[in-house]
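This document opens with one chain alone, in structure tokens, the form predicted on its own.
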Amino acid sequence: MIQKDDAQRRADQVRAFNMELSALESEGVLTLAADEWDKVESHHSTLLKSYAQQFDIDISGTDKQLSWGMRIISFLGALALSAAVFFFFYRFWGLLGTTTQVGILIAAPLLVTLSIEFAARREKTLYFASLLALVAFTCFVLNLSVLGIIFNITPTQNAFIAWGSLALILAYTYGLRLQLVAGMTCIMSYLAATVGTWSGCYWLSFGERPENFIVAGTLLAVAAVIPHRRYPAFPGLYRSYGLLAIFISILILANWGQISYLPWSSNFIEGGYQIAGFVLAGAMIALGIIRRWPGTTNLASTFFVLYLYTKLFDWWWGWLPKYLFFLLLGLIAIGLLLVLKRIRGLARGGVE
């Protein structure tokens, strides 16, 4: 069964095909007969019309531009409404009785969650559903936090499981990528805090040990192998988000080895993580090219350059003249471009 992402890809292919066919005709390479052109145009028109009615996809460049604007507005609107909920609690909460407080805390996320279903049934693009989903998530976070304060419940990292579960349920029910990111953030925080407690740290201090996030990021990246037939874009988000956590953690540890769990000298730890960063980034670049994962390739390339520039700063900044330092950085950038250009040429089957 075709999904919205598949329909959008087909619509993009149709638009690219029509543009290329027009270019071929103008160059005198290929000219379709009038009846053939009418047949193709009629088929594409019917196909795009059915996709637009079924999925409300973007069938033109203008539609795509407007969709990006609507996504941005939806996200900003969700942030504004979430802030309104937070400041409502802050401003009026002390004036309400305990019974009223508990009633509001229970009712708010339930009502907003019901409104998500109402919006999703009436709008296929899910802009309003995405906006309301973020508000529902905010209400639920405030719900558990404030209920814990009211009833003097000892906070634990288990709250991340509850918050992440709601976010993932909304993400998989409606195909909302922002909610998937929120859910992954909560799950990663839970995993990092749990790993931290195993080493004897208080769970709120899990952010002080970047290696906690290496474990959590690895688990998220591995989760990308789970097939997602309904939402084919989700595995790429798992992989990219998990790798992002790993790369950032390695970048921190490669410069501040003293915050590592490892019982060795800071210089040895930093050197080890620097090597690990280069090896991992290089491996992910190669894997992304082989598996045709552009997001993975771009992310790994970015951090490979960050690791390289950080190391060059450690080596040369203190004793090279500034103009020479930046000149060398520029020359290294040119060298990297030439290497990547050659790799691209080899991937195409020829050398550029």
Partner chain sequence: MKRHGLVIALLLLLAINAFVLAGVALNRSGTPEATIMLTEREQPLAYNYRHDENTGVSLRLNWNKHNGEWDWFDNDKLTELGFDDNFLNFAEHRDRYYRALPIKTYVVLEYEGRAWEAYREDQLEEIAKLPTQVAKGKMEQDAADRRKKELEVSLRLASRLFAVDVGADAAALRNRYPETEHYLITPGQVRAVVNWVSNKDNEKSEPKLSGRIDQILTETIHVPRQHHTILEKLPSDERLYAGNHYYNNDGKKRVHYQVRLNFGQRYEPWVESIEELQDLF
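Worth saying up front: this structure is predicted, and the values here are computed from it rather than measured. Numbering follows the first chain given and starts at 1.
If you look for the form predicted in complex with the partner chain, you will not find it shown, but the lines that follow are about it.
Remark: of stretches 115-123, 271-279, 181-189, 220-228, the one touching the partner chain in the predicted bound form is 115-123 (heavy atom within 4.5 Å). For the candidate spot formed by 13, 71 and 198, no residue has a non-hydrogen atom within 4.5 angstroms of the partner chain in the predicted bound form. Looking at residue 162, you'd find a heavy atom of it within 4.5 angstroms of the partner chain in the predicted bound form.
Put simply, residue 173 is close to the partner chain in the predicted bound form: some heavy atom of it is within 4.5 Å.
Interface residue remark: residue 75 is not counted as part of the site for the partner chain in the predicted bound form, having no heavy atom within 4.5 Å. Contact annotation for residue 109: at least one heavy atom lies within 4.5 Å of the partner chain in the predicted bound form. Heavy atoms closer than or equal to 4.5 Å to the partner chain in the predicted bound form belong, across 91-112, to the residues 91, 92, 93, 94, 95, 96, 97, 98, 101, 102, 106, 109, 110, ordered by sequence position.
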